[in-house]
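Form predicted on its own, single chain, as structure tokens, below.
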């Protein structure tokens, strides 16, 4: 099936084997001339299956028996992520939440509680909404912009929009709610782990350069939280105050 989508202000032509990719991307369809094309092959689907089995083994769990149609959606996004590096755009594993025209990404290893935390924002911080709940794209320029994508985790929380990124928060579980600034050097191992990392050398070099640029241009935070409503208030009060102080208003 052939169709076109627009992600992070880039038009992409997709040629898929199954219809699942089209259905997933229905909120992002466009008629614009494509900037690049992706056409996954059966070998790409097979690689996603192997990757899933390898990750399940690392986590000590039984691998899920995903259908090829679902695995193709992952293969498509992997190809898109590789191409988007040419547009100074990086895929990050995290949950992006916004209030009005300012957004923050909460990132951490799977199972830490990113989705739980942003749900606390939705329930307690007036005007908050989710840009993307799992795998947003970030355009890195003089400023940074985070974009919604159809690839939004099992909850499917996403919005077809781009919002100014005002900070990245490295989330940890804790008995008390504490948030403070961290540095790029202190957070770099987790930062790299949570971003798309190409297999080829040139792609990896480009990704690392974007991570370094992003980490030097926007504030980075470490948040320890207990997943109670107070955690959202603690995070928002500090993040919002910092954006005002640094001239994001």
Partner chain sequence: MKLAVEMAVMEVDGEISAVAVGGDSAKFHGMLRLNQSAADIIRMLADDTTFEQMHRTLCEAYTDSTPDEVAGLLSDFLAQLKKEGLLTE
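Residue numbers count along the first chain shown, from 1. Predicted, not measured: the structure shown is a model, and the values here were computed from it.
Just so it is clear, the following notes concern the form predicted in complex with its partner chain, a form of the same protein that is not shown.
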Completion exercise
Among 65-73, 34-42, 206-214, 219-227, the stretch whose residues bring a heavy atom within 4.5 Å of its partner chain in the predicted complex is 206-214
Practice task
Heavy atom within 4.5 Å of its partner chain in the predicted complex: which of 29, 192, 56, 46 fits that? Just give me the one.
Solution key: 192
Practice task
Consider residue 181 of the chain shown here, and say whether it contacts its partner chain in the predicted complex, taking contact as heavy atoms within 4.5 Å.
Solution key: no
